[in-house]
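Just the one chain here, the form predicted alone, laid out as C-alpha cells.
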Amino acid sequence: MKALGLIIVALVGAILVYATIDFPPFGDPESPASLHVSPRYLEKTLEETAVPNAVTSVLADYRSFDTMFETTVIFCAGVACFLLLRVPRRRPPAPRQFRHRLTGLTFRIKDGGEFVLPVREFEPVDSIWTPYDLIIETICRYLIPFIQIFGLYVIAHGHYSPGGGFQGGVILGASIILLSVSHNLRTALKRMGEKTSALFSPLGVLIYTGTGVLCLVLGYNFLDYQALAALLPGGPIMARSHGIFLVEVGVGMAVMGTMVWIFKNLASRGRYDEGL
C-alpha cells in the first residue's frame, strides 16, 4: 500500500513538473500576467472599489471566490484537528497541583486526597508547566490587550495599508495563544472557551458566504458587492468597499477561531485539562 501511494505521488509530481514547461520564464516582464493582469488591477482598483490597497481588493473582490475557499480550507483544518484529537469527557478533572501565589511554592494532591484551599492564596497549575515567572506573566497580561487592538486595526485598516482578515486573524489568535503560554491553558479557556473558538470558525465562513448569498438575493452575481448599494449608502463603488470589509471580518474571525481551536487541541492532546 505504501509503495502504491509512493508511485501515485511520484506520477502526479512528474505531471506537475512537466506542466511547468508551458509556463513563462520566471520574472518575465513580457508574460501575460505582467502585461495585462497586474496593470489592470493596479490602474482600476481605486476607481472600481475605492480601496487604495490593491492586494486587498484583489484578494477580497477580484478573486473573492478563491479567498472564500481558502477560508473554508482553514475551517476544515480546524474541524479535522478536532475530530482527530479531541477526547470527549463528561466532566473535566479537578486540578491536582497548586501554587501559592505569594511564595511560588507548588504542591500536588495525590489521587483520592481531599483538600480545601483558599482561592485567593492558591491557584491551580498544570503538572507539565513552565516555571512561574511574575515578570513574564505581568508583561503578557498588559501586552495582550494592545496586541488585540492592533489585530482589530489590521483588519479594519486593510483597505489602506498592509493587512486584512488573514493577518488580523493571526494576530488575534496569537494573543490568545500567548495568554495560554504565559499563564496556562485553564486561564485561556476562561477567556475564550472551546465552544467560543469553535463557533468563531464557522461563523466567519458564514459571514463570507452569507455576503455572497445576499448579493444573489438582491439580483446580482455571487459576491458582486455592488448589490449592497441598495442597503448601504455611498453608491456601487463604496458598496464594493463595504463588501470587502465584511468578508475581511469573516476571514479574521475564521482564522482566529481556527488557530485557537487547533492550538488548544494540540497543547492538551485533545483533553482540555492541561496545556503545555
Partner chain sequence: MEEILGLVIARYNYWIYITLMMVGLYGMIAKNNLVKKIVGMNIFQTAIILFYVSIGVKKGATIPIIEHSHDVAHQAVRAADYINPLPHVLMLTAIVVSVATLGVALAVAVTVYQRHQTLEEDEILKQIREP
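Worth saying up front: this structure is predicted, and the values here are computed from it rather than measured. Numbering follows the first chain given and starts at 1.
The same protein has a further form, the form predicted in complex with its partner chain, not shown here; the description that follows concerns it.
- Note on the interface: of 76-84, 179-187, 144-152, 194-202, the segment with non-hydrogen atoms within 4.5 angstroms of its partner chain in the predicted complex is 76-84.
- Contact between residue 224 and its partner chain in the predicted complex is not found at the 4.5 Å heavy atom cutoff.
- Although the partner is absent here, residue 52 sits close enough that one of its heavy atoms falls within 4.5 Å of its partner chain in the predicted complex.
- Taking the partner from elsewhere, residue 253 is found to have every heavy atom lying beyond 4.5 Å of its partner chain in the predicted complex.
- Looking at residue 217, you'd find every heavy atom of it more than 4.5 angstroms from its partner chain in the predicted complex.
- Residues of 149-188 that come within 4.5 Å of its partner chain in the predicted complex, judged by any heavy atom, are 160, 161, 162, 166, 167, 170 in sequence order.
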